[in-house]
Structures are given as structure tokens and as C-alpha cells.
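Quick heads-up: it's one chain on its own, the form predicted alone, in C-alpha cells.
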Amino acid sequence: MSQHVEFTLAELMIVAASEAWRGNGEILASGIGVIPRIGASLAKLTHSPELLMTDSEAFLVSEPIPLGPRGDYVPKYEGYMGFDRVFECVWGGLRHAMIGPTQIDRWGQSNLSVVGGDYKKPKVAMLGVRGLPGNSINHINSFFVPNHNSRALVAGEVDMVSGVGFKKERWEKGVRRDLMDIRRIITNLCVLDFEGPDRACRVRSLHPGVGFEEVQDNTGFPLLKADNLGETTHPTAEQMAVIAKMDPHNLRGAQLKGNPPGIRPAA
């Protein structure tokens, strides 16, 4: 008999995020933010031990480093991984990062620069494009969206294309496109991918208590259903133990408003 496991929505999303790195091989896994980082750590400690991971400073580690104050924890260093070696991985397509853009469109183009108005006088100015143009061209990315709505998954194009996607017209003739890919979007409602016809966006799985219509109503562009659309896989007791080890201070509990349960209560 399977063991009953209680879990939060954040923990469900961590497990879903970890699946983005399944089968990637020996590449650098970078989770940007609490939930993506724990997801990458979970992947390395369970189904994909071959993933490379750094201490976020200058060294490769054989075991992901827990979040927050480390106490007497001693990192298990494997070798030097300075910026020069990181960029070798980036330029060679040997990295898969999970990031949290402000906007994503139907082509997987992402924006973390400005929202609304003219580019020179936007309504909101954010981080700027940072390293996203080069990263999005040169290696795999996935996305994390903590609040799935049509302001995040927008109609038309994103307000400023910070990261490239599958829109052919945005690519200069002759530019290599074989290193870029977008694998997953992990949201608080579902998991999406770009594996539909002509890289159309699909709903891959629905979180417990969420219907396809709710997801579509909160998305600015049409979505497809995956042929095997089902419920997002629940965390196991073993996965929950790894999550607790990687996040001993429960930083994950503050990532979603109200820290809701993983199984939505009946209305």
C-alpha cells in the first residue's frame, strides 16, 4: 500500500521542476530562485545524478548545497568552475537553466526588462535583459511562473524580447538555432511544454484540483492539450525527505502566497 504524503503546492512544483532535467545528461543544471534551485537539486539527488552543479561561487560540487545558513555543513567540492568554464558550458549548449521571466508569449519568447509603454519610457522597468539574450540562444531553458495569469503568459508578443523563442521571424538569417530549446513552464496551475505542432504550447499536466479551462482562461494565448494530459505527479515520501534536506529552513514555504496545500480544497 502506498504511503499517504501531505505536500504543499511549492513542493509539488519542486518535483515538477525536477522533471525538466530528467535525461539531460552531463550538463550544468542551474535553478534560478528557490523552487527551481531545489528542483535542480532534487533531480541530481534522485533520477539524474550525472548533472553538474556548482556552489554558486567558483566550484563544482558532487552534492547540491542546501539553501540558507549552512551551520556545520561542509560542501563536497569536485573541482574548479570559474566564470570562464561556466561560459564554455553556456556557449557550447551544455547548460539547462530554469528562470522566472516576467512575461512569456506563445513562442516561448521571454521578457525580464520592461513592461508597458514605450521602451524608452516604460510603465515598469525591471532588471534589464541581463545575460538572457546569449543564454537563450546558446543553451536550454525552462521557466518558472509562481502566479499563472494573462499578465505573465501574454497575448501577442512580450513587451520586450529579452530571451529568444520559436518565432522564426525574430531570428537573423544564418544564425545557429540548434543549441537553443525551451523544455518546460512550471506554474502554480500546471506544467506546460512546447511539444505541439510547430512548437505550439501545450498543457502537459494539471495540478490537483485544476481544470484545463481554468488554465486557458488565465493564459493570453491558445493552449493545446497533451495527448496523455493528466494530473501532475505527487511528491513521494523519499522526494519530500530530499526536499527537506535541501531546504532545511523551509524557504520554499514563503515562495507562494499563503503557502497553499498541494491538493486544492474542494470549493
Partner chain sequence: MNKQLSATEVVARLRDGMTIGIGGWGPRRKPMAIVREILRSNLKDLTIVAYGGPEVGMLCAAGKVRKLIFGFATMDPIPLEPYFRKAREAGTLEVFEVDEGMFEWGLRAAGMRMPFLPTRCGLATDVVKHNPHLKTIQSPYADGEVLLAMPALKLDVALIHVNEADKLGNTLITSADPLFDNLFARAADACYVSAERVVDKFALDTHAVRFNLFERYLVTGVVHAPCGAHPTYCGPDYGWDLAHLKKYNASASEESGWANYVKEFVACTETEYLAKNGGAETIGKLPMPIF
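Numbering follows the first chain given and starts at 1. Given the structure is predicted, the values throughout are model-derived calculations rather than measurements.
What comes next is about the form predicted in complex with its partner chain, which is not displayed.
S.K.: Can you check whether residue 212 is within 4.5 Å of its partner chain in the predicted complex, heavy atom basis?
M.R.: Contact check for residue 212: no, nothing within 4.5 Å of its partner chain in the predicted complex.
S.K.: Answer with yes or no whether residue 197 is in contact with its partner chain in the predicted complex, where contact means some heavy atom within 4.5 Å.
M.R.: Residue 197 lies outside the contact set for its partner chain.
S.K.: With a 4.5 Å heavy atom cut-off, would you call residue 156 a contact of its partner chain in the predicted complex?
M.R.: No, residue 156 sits far enough from its partner chain in the predicted complex that none of its heavy atoms falls within 4.5 Å.
S.K.: Does its partner chain come within 4.5 Å of any heavy atom of residue 56 in the predicted complex?
M.R.: Answer yes; at least one heavy atom of residue 56 falls within 4.5 Å of its partner chain in the predicted complex.
S.K.: To verify the annotation, which of these, 145, 160, 189, 89, has a non-hydrogen atom within 4.5 Å of its partner chain in the predicted complex?
M.R.: Comparing distances to its partner chain in the predicted complex, the residue within 4.5 Å is 160.
S.K.: Give me the residue from 97, 94, 152, 129 that has a heavy atom within 4.5 Å of its partner chain in the predicted complex.
M.R.: The residue in contact is 129.
S.K.: Each of 101, 181 and 257 having a non-hydrogen atom within 4.5 Å of its partner chain in the predicted complex: is that the case here?
M.R.: None of them does, since no heavy atom lies within 4.5 Å of the partner.
S.K.: Which residues in 120 to 134 have a heavy atom within 4.5 Å of its partner chain in the predicted complex?
M.R.: Heavy-atom contacts to its partner chain in the predicted complex: 120, 121, 122, 123, 124, 125, 126, 127, 128, 129, 130, 131, 132, 133, 134.
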